[in-house]
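A single chain, nothing else alongside it, follows as structure tokens in the form predicted alone.
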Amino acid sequence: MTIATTSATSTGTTLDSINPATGEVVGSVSVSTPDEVRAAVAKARAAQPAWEALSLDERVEKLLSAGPALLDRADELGELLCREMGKPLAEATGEVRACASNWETELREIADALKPQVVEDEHTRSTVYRDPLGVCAAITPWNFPMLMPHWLLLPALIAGNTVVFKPSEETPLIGQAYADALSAVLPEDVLITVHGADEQGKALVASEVDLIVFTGSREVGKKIMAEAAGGLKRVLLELGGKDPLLVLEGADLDAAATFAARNAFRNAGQVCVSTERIYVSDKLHDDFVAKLRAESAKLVVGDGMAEGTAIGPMINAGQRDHVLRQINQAGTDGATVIVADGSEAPAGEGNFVRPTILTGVTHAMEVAMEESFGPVVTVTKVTTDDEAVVLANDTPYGLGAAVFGDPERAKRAARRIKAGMVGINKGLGGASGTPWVGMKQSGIGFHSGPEGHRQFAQVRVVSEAK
């Protein structure tokens, strides 16, 4: 869905970025025609050999100054991100700072992961090289409109690829701002930004690129994979989730409820690893739900620019309506609908949804099975750990999960959950250097950490006799 609009101008078609809290136009960009998309790929192709010819360290040096430039503008860019996407200002500014603060360290970590490795046995000395693939098409989402380009563009560029980048049509301004910071220090046409929605995305995927990196919906991911098959193009796809939280006997209920409220409702639930389903021991259910409700009631819904706001608006009316329809249907199907007390959305325009807890949910209900991507979480009683694991795995998704309980008991359950990332008595975030990875239909390939950085390169082995 999209809130961006197109309007005829004297120079062509423009894309208006709309503040989802107020309906106001934040700014506009020019939409790229399909022909312009293909021309951008051709330019990137022509620029790639010279970029590849630089060493890893030389490519790092080219990009070094972009990070401090972004950090100097963190407050300005955080406000832009807040107004364009809707998340609270502190979170928006924090996203910018998270990208820029450890810039040099991240660049050098990527380069280290891509350096040649020597492997020897008695007879042969082999060098494993990680060379560029060529031209990378990067299509990124609106929910983390600077962080996701940051995670994908830097390893693609350090690996020696050139990049044609299409930020989400919902957040073109902050995407362009990030790309501009990089382009200011890069050779011409090493990074080219194009703008638009479905038509431009399809043109980019169908163009003569070598690698497609995409974060977004499972449905769009399937279409990209089908299109890429014709040319056997490499793909890295992160395709959302329906993350479960298991609350087992021995759990610290205060900690579990605090985590659940935060992880289910932050960014208005518009996070691929939001907690969307909770399976809780029947012995703990009532106490847990009471604590979850109390924690959720502390979260103030409003314009992200307003002081004290914890939850901003949904990105657009279409996403808001999707979530409200799921909630209403669940109520009709027999779930109990609990709207967090004290979280009144502001009057007037906007796409606000108050944090909502659904209890008595079964897997016969759509809300338990289909991604919500909004501030709603389901709660289901279980009688055994086995039942909790079976229900947690009853989904085509497999991005993340969390388990709260006695540590050894929680660890046994965690190892049986079919998800790429699982947290035990904490969120799913791994130690520094671990990849961001899903399984099942939550993704193909992965990114981040040394293994993730290497996904942006072609492995080649050159061997010689000793």
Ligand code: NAD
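Just count from 1 along the sequence shown to find any residue number. Here the structure is a predicted model, which is why all the values come from computation and not from measurement.
Heads up, the form predicted in complex with the ligand isn't pictured, but that's what we're talking about next.
K.L.:
Is it true that Arg108, Tyr178 and Phe446 each have at least one non-hydrogen atom within 4.5 Å of the ligand in the predicted complex?
P.N.:
No: no residue has a heavy atom within 4.5 Å of the partner.
K.L.:
Pick from 350 to 358, 95 to 103, 143 to 151, 117 to 125: which stretch has non-hydrogen atoms within 4.5 Å of the ligand in the predicted complex?
P.N.:
In the other structure, the partner sits against 143 to 151.
K.L.:
So the ligand isn't shown here. In the predicted complex, which residue out of Pro244, Pro167, Pro313, Pro155 has a non-hydrogen atom within 4.5 Å of it?
P.N.:
Flagged contact: Pro167.
K.L.:
Which pick from Phe288, Phe259, Tyr279, Phe373 sits with a heavy atom within 4.5 Å of the ligand in the predicted complex?
P.N.:
The residue from Phe288, Phe259, Tyr279, Phe373 that makes the contact is Phe373.
K.L.:
So, in the predicted complex, is Gly201 in contact with the ligand at a 4.5 angstroms heavy atom limit?
P.N.:
Yes.
K.L.:
Would you please decide whether Lys223 lies within 4.5 angstroms of the ligand in the predicted complex, comparing each non-hydrogen atom pair?
P.N.:
Yes, contact at 4.5 Å.
K.L.:
May I ask you to state whether Gly240 is within 4.5 Å of the ligand in the predicted complex, using heavy atom distances?
P.N.:
Flag for Gly240 set to yes.
K.L.:
My question is simply whether Gly216 lines the interface with the ligand in the predicted complex - judged by any non-hydrogen atom within 4.5 Å.
P.N.:
So Gly216 counts as contacting the ligand.
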